[in-house]
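This document starts with one chain, in the form predicted on its own, laid out as structure tokens.
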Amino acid sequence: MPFPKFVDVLTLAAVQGLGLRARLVAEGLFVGLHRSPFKGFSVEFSEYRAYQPGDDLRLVDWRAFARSDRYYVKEFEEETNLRFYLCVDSSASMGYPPDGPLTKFDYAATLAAASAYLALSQRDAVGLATFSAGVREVVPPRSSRKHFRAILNVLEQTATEGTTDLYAALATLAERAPRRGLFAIFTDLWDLRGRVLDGLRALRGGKHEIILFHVLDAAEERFPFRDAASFEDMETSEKVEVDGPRFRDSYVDALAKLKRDYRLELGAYDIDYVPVVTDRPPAEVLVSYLGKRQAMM
């Protein structure tokens, strides 16, 4: 029995097990994606061969000439197995809403697991990192389909806790990933903007391609609260009293400005910024983004 193309969030939340949720979402990803949206942006050294008239002199290895007094040319081949790193924010704020069908972490984990399923099906090497104030768990990149279970195990066993420090986490990951790769980062960006940008710049300095998924709950996006209420920061326990109706317009405007600023600032570094609200079907989110990516290849 085929899976439906797009499963709505409430139906998805009723599915037991991250692995099955990921497969349901991935089924929607396969529709319309006729080739991998991840492959083919880097090259690998293959071997030397003797220089032949007409070869590009820029490919001549002059060190080899100095040693042997003979001309050799470096040959390269396209790297078909991209290193694809999934980075999922597991700080306390990602546990919102604590009484909802899916928390932000559940939603982000589903996006990440579905992306892993798709990439592993196309023999790309996929790794995973969870982070909060720093890197928590790391699963090194592998291309075996059996590797999907290792990724699921970490995501299923991760509890949301601690504060967010994107700079500390991304700077560490940049050091651990010397080879160029594609990083998909799933976070609510509950951190100081300067620290966020510094961390992304550190990662971008390694020539990595970056997709940043800004994951917000629908209530955080639209602020539907109608009465005066007390709000508590899930990471610092700081409390603030707010008159919902009077505060809503300024909140929505400030959030819209924050998103515009991130889009402009990250665009200057060729980092893709993808805002996501958790009431949108995850497959729709990934198909929309990957379809655009595929069209540019």
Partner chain sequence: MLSFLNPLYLLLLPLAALPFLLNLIKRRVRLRLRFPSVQLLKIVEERRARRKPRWHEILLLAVRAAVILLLVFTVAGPRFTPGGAAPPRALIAVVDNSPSMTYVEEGETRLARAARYARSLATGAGPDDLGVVLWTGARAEGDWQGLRDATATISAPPAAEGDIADALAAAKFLWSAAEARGRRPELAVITDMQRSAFEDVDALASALPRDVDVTFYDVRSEVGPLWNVAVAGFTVTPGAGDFFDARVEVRQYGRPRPAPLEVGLGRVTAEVPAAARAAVRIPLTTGGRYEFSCRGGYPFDDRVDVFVPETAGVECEVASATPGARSWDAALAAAGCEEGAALESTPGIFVLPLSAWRESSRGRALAERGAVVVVVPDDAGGGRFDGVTTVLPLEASPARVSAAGGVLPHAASAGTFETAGVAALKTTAPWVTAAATSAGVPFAVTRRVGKGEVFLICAPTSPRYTNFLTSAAFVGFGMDLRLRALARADPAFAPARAFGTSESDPTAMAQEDMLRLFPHAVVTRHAPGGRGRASVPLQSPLAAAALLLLVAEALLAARGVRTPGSAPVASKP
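Keep in mind it's a predicted model, so treat the numbers as computed, not measured. Numbering follows the first chain given and starts at 1.
The form predicted in complex with its partner chain is left out here; the points below concern that form.
Partner contacts here mean any heavy atom within 4.5 Å of its partner chain in the predicted bound form, and among 168-176, 206-214, 135-143, 220-228 they occur only in 220-228. The shortest heavy atom separation between Y96 and its partner chain in the predicted bound form is within 4.5 Å. Interface membership of L255, defined by any non-hydrogen atom within 4.5 Å of its partner chain in the predicted bound form, is confirmed. A residue is said to contact a partner when one of its heavy atoms sits within 4.5 Å of a partner heavy atom; S68 fails this definition for its partner chain in the predicted bound form, lying far away. Contact check for Y251: a heavy atom falls within 4.5 Å of its partner chain in the predicted bound form.
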